[in-house]
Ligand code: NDP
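Quick setup: one chain, the form predicted alone, written in structure tokens, and binding and motion questions come after.
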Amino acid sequence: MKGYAMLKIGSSGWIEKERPACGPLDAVCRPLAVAICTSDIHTLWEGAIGERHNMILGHEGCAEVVEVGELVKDFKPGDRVLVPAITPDWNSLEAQAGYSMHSGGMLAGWKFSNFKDGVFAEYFHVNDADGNLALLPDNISTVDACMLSDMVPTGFHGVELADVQFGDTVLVIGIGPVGLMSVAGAALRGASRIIAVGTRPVCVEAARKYGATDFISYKNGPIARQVLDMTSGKGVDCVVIAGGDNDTFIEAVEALKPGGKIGNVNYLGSGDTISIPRVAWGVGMGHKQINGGLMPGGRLRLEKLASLVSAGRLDLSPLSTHVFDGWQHIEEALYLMRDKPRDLIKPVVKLAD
């Protein structure tokens, strides 16, 4: 089979590989549509997870089942399925402890394009098919289905980590596709005020549709200072970090009320440490909680999030600003995500109807 792979840090291209084998609990699928993630950019050009050779990229997509193992109960060849970016081993001790995304070790639920070939190939393998796949509802397009792999569950997990409650004032730092889903998730959870940090007009417009009430540009000065000015010095109840760098935690901690919570779902692709401001953190005793997590994977979460889309509670169409047809556009879409033109939110490549 053919796949689009990371050849080494900074280099990618098409390669030939054997079609993956199907274990007794697993499935082999062919993609119907795939999307490019910023994580692919961190992996390929920044070497954020280290050197990888001839590893097929991609962890966002939807698919048709081609083959299932003899112990798979709920899926069969021909089924159109949602595929999560995180595919845990559900019989692991970590999953039993409530941290399935770390099954087998920290972040090890993230298999595609980390230590296993990803979905930018004619065929790809899914472990524990009954636990990790979900049927694709008829009223969800394959383009929107790609957003359910990673963007929706990651953005919503940021809201969960920040523990947004009814009436809260929430700051969302970064309104790319993940941050936009954090805005949507905070609105669904009942936030009364959502302050979004971002400058690209296409993202600002989408964030307003998803429920953002106020906007801040980091170009106008420190984020925290602007937030404190907007809130009469009180700060916010919750912060979701969906963009920025290792020093973004400084702004988040300074903008947060005592007793507030920060949910970080931003991929920190470089550096050795993050910075936390000592005094703003209450010299270590301010009850300002910092939670960072990889989004949960698995079938149940996919089914619940898909039901929001099916029921008309969550419109994913604003996310996919650039849609291509055919494998020949994978590289173009990848470079588009790297360069991030001002009219881009997310590129998707359709491979079948």
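Since this is a predicted model, take the numbers as computed values, not measurements. Residues carry their position along the shown sequence, with the first being 1.
The same protein also exists as the form predicted in complex with this ligand; that form is not shown, yet it is the one meant from here on.
Trainee: Check Thr142 for me: does it contact this ligand in the model of the complex (non-hydrogen atoms, 4.5 angstroms)?
Mentor: Answer no; every heavy atom of Thr142 is more than 4.5 Å from this ligand in the model of the complex.
Trainee: Within 4.5 Å, heavy atoms only: does Ser39 come near this ligand in the model of the complex?
Mentor: Residue-level check for Ser39: yes, a contact with this ligand.
Trainee: Heavy atoms within 4.5 Å of this ligand in the model of the complex: does Ala187 have any?
Mentor: No, Ala187 is distant from the partner.
Trainee: My question is simply whether Gly263 lines the interface with this ligand in the model of the complex - judged by any non-hydrogen atom within 4.5 Å.
Mentor: Answer no; every heavy atom of Gly263 is more than 4.5 Å from this ligand in the model of the complex.
Trainee: So this ligand isn't shown here. In the model of the complex, which residue out of Val72, Leu82, Ala95, Ile223 has a non-hydrogen atom within 4.5 Å of it?
Mentor: Checking each option against this ligand in the model of the complex, the one that comes within 4.5 Å is Ile223.
Trainee: Of the options Val236, Ile194, Ile175, Ala252, which one has a non-hydrogen atom that comes within 4.5 Å of this ligand in the model of the complex?
Mentor: Checked against the cut-off, the match is Ile175.
Trainee: May I ask whether Thr154, Gly179 and Met337 all come within 4.5 angstroms of this ligand in the model of the complex, judged by heavy atoms?
Mentor: The answer is yes: all three residues contact the partner (heavy atom, 4.5 Å cut-off).
Trainee: Considering this ligand in the model of the complex, find the one stretch among 236 to 244, 125 to 133, 279 to 287, 253 to 261 with heavy atoms no farther than 4.5 Å from it.
Mentor: Contact criterion met by 236 to 244 only.
Trainee: Could you list which residues of 266 to 302 come within 4.5 Å of this ligand in the model of the complex, counting heavy atoms only?
Mentor: Read in sequence order, the residues that approach this ligand (within 4.5 Å, in the model of the complex) are Asn266, Tyr267, Gly293, Leu294, Met295.
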